[in-house]
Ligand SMILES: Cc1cc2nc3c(=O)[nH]c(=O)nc-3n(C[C@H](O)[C@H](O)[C@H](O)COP(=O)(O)OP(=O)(O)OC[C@H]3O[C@@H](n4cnc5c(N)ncnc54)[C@H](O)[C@@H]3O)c2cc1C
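The chain below stands alone, shown as structure tokens; this is the form predicted on its own.
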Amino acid sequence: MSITTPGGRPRVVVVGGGLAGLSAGLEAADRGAEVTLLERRPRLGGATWSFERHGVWFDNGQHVFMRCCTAYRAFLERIGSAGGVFMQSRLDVPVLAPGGPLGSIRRTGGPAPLHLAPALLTYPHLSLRQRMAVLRAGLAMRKLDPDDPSLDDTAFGDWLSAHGQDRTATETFWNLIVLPTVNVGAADASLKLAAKVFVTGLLTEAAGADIGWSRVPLSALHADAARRALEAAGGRVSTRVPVTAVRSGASGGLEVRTDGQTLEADAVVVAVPHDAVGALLPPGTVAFQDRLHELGTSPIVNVHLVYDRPVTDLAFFAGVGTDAQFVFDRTDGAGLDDGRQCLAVSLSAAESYIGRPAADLVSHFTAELARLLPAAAGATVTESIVTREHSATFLGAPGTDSLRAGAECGLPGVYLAGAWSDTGWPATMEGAVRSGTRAGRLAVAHASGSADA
């Protein structure tokens, strides 16, 4: 099967239908390319998807973004989904402890980095001495350059220790930011990735870390809307189509091979996980191609609990002194309007939870929420489900930066995209979209013989 392009439009094939692939396809289509997107799974959206059970919609996991995620927010605008998200007017992260006071990491209207000082100086989960030490460490971190590759040689935990942070400060403050963004605990995370999160999100622009999240099921927010947008731009989308190889074509272009078919292309964007890239491309095409497995993986687990009544009026909160890392009210996204409340417990770097039976996790986190929310102790869980992403992200530990490939590779006309690639960001939705947009732009430039990159 070959792709025909009326009017001589450049032919771009995108392999992979996650956020990176969808943004690559849209960028290429918007630049005039004839786009075909192939996804091996029956759905689009990659690591962001939803499903319905007993009339309740559940996301596979809780995904949030920050105001500084400009590429992701532009992607939502492009696909018509900007109205499906909520964005805080000002950063405010409630922090609960069992039987303890309610704390908050919130910003004032002042300039960075002083916008966080009042909240830190009154943060009840640390002593005054620890709060002052956190402020000093924050000022020191502001001097770091997230683009400095040497930072990747250091563990964030070692840097924190060298700057006066004890275990309590790490667990009750630094982990609240690093764990959900890098998907690695602060002690083991790359300093380079941690610096990106703090410097870009919290310490440069006061509004940068304001948090947003979906008000609708993720499949509606991303996959359904992006498919409509891509098809409206003339693109073709096919699911359940596993690609087996991308190779140079006999006529000078490129060939994308599927089960029994070959698609011809002028350029190809390969937007698949890092552990799948090597099998699709000729050996030596990607830098460190035989070492990409060293990027590792880190899992995420979500425990979804539907209560027979409201048990909290908080839209979300973080937990300290509990296994419940972050908890989100997903009642609206679940489609509930019958007086019940749906809470999703989000567990990053979830190695200790990924293999546990669902019933055990439901029981454990029902008890944990009862410790944090008095109203939950007297409520009944009417629905529950556990979702697991075994390979949710690459493992953002020291030494990974050099393994993250750039968009260009050794096979002319083939470009790489994905949150694992060299975006400068941790494995986030923002990184995925940035990589896809760049790859789509490069693909069209190559296919049309343009110097525009």
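One rule holds for the numbers: they count along the sequence shown, beginning at 1. Note that the structure is a prediction, hence the values are computed from the model and not measured.
Omitted here: the form predicted together with this ligand. The next part is about that form.
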Answer among 306 to 314, 154 to 162, 267 to 275, 355 to 363 for heavy atoms within 4.5 Å of this ligand in the model of the complex: the stretch 267 to 275
Even though this ligand is not shown here, does it sit in the model of the complex so that G17, Q62 and A392 each have a heavy atom within 4.5 Å?
yes
Distance check, L343 to this ligand in the model of the complex, heavy atom within 4.5 Å:
no
Just checking whether A432 would be counted as a contact of this ligand in the model of the complex - the rule being heavy atoms within 4.5 angstroms.
yes
E27: touches this ligand in the model of the complex, heavy atom cutoff 4.5 angstroms:
no
Considering non-hydrogen atoms and a 4.5 Å limit, does this ligand approach A47 in the model of the complex?
yes
A186, A97, L292, L280: which sits within 4.5 Å of this ligand in the model of the complex by any heavy atom?
L280
Within 237 to 259, which residues have a heavy atom closer than or equal to 4.5 Å from this ligand in the model of the complex?
V241, P242, V243
